[in-house]
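Below sits a lone chain in structure tokens, taken as the form predicted on its own.
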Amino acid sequence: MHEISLRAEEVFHIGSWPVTNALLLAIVSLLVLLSLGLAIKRKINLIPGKIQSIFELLLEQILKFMDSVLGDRRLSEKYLPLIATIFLFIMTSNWLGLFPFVGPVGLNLEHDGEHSFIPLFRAPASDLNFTIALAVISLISINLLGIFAIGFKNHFSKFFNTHKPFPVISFVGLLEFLSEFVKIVSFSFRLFGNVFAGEVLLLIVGFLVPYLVPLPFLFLEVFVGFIQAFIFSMLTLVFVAMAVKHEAH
């Protein structure tokens, strides 16, 4: 069993920029989604077949769920690309991290006379840098969408009293402002903790009791990968709904 590392291992460098095994699998996830998207786009027909009908039915149910949060089909269709992209990217990267080639396939490197094994791929969400980056992107998107929907002044009135000549920060506004940074911690550590714990669990169980025993844990991690993607995307949706509505302020 190779050493369990809390941080993603560096596989190679592009100039001074290190490329980690978590980043490599994240790139693979992007390429998989891009390939599937292009393949599906080519097969879309005006008269849908069975598979296209299933996907259209699934999409309609997703939009109905978003309607229950946003309260408007127009808003649901507008923000669907952001929410769906976050969900599909996290779920795909989580599931690819469970494939057999993730972990056993790697490089034997020598450093200071010591040999070490570095896995070529690693679940992206098991790297805290990945989850923090996703959380920051989500938070920036939420605030930008809020500004575009109701204007800069109305959006930031929940932090600052913009109706006075000199904006005043209230105690509640200060708490709201701090909560924006707390969201980054909540988003990132929830996703990181669950995926990293699952990766460690599968590695230890597979080493101690190989073959059939790890299968129930593997199916559990497939479910966890889906649930964590769902939670991350739905929290983003809820915060977007709060940001784009005047009533939320």
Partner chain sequence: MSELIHQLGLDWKLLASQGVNFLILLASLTFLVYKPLIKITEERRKKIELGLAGAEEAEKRLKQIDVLKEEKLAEADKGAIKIIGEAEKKGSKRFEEILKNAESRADEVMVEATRVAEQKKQEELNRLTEKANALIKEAIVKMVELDPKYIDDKLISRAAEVIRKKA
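Numbering follows the first chain given and starts at 1. Definition used throughout: the rigid core is the maximal C-alpha set that superposes within 1.5 Å between two forms. This structure is a prediction, so every number in the text was calculated from the model and none was measured.
Separately, the form predicted together with the partner chain exists; it is not shown, and the next lines address it.
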Partner proximity in the model of the complex: Leu134 to the partner chain, non-hydrogen atom cutoff 4.5 Å: yes
4.5 Å heavy atom contact, Gln228 and the partner chain in the model of the complex: no
Contact test in the model of the complex: Ala22 vs the partner chain, heavy atoms, 4.5 Å: yes
is_contact(Leu38, the partner chain) in the model of the complex, heavy atom dist at most 4.5 Å: yes
Partner-proximal stretch of 175-183, 94-102, 74-82, 144-152 relative to the partner chain in the model of the complex, 4.5 angstroms, heavy atom: 74-82
Any residue of 42-76 that, in the model of the complex, places a heavy atom within 4.5 Å of the partner chain: Ile44, Asn45, Leu46, Pro48, Gln52, Phe55, Glu56, Leu59
Threshold 2 Å Cα movement between the shown form and the other one at Gly206, rigid core reference: no
